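The chain below stands alone, shown as structure tokens; this is the form predicted on its own.
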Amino acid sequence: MTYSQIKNEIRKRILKLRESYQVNKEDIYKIKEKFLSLLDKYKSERILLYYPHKNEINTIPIIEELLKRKKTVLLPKVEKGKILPILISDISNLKVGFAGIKEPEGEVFPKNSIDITVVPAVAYDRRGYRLGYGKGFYDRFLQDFKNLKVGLAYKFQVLDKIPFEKHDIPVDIIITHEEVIEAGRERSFLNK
């Protein structure tokens, strides 16, 4: 099997599992609490999240809590194949955008001012490599991003190994309801 075929097989299998997965609100609460602890640990103020789509980890409770805490909350807007981080102040005024995902309108926020980017994926491996939807939007966006990259996942989305190429950008931390995996522990900013 080729590299692409292997990735496609994994993608199909995990998406099928995710589609039929019965989400447990308690698990989402545990992921939210672990993520909020991470923000405190790294003293993060400016966070780029994603709007949940097709049974992804529900980030809405996190977004609402961050807005309550007066954090700088950003959501991605996809334009011409690029991710643009846009500041939001309210989750109710989003519009349906690329691939049917809700997106904000507004000015583009400077990428290098973002403390944490939460990167969606179909699956992650324990080293932080991720399998996305195959469009490469986040790999391009993260190419020169120097700060913390976090993945949120159901337990079944974390695999031992995912094939990767040199242009694939891993996340530093993966949060499930059961654990926080420090995939990029050797990166200097994680040891502060």
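Numbering starts at 1 and follows the sequence shown. Remember, it's a predicted structure, so these values are computed and weren't measured experimentally.
The following text describes the form predicted in complex with a small molecule, which does not appear among the structures shown.
In summary, among the residues R140, K30, R127, R46, the only one with a non-hydrogen atom within 4.5 Å of the small molecule in the predicted bound form is R140. In the predicted bound form, the small molecule stays beyond 4.5 Å of every heavy atom belonging to P61. Among residues of the shown chain, E165 is one whose heavy atoms approach the small molecule to within 4.5 Å in the predicted bound form.
Shown alone here, K135 lies within 4.5 Å of the small molecule in the predicted bound form, counting heavy atoms only. Remark: L131 counts among the residues lining the small molecule in the predicted bound form, judged by a heavy atom distance of 4.5 Å or less.
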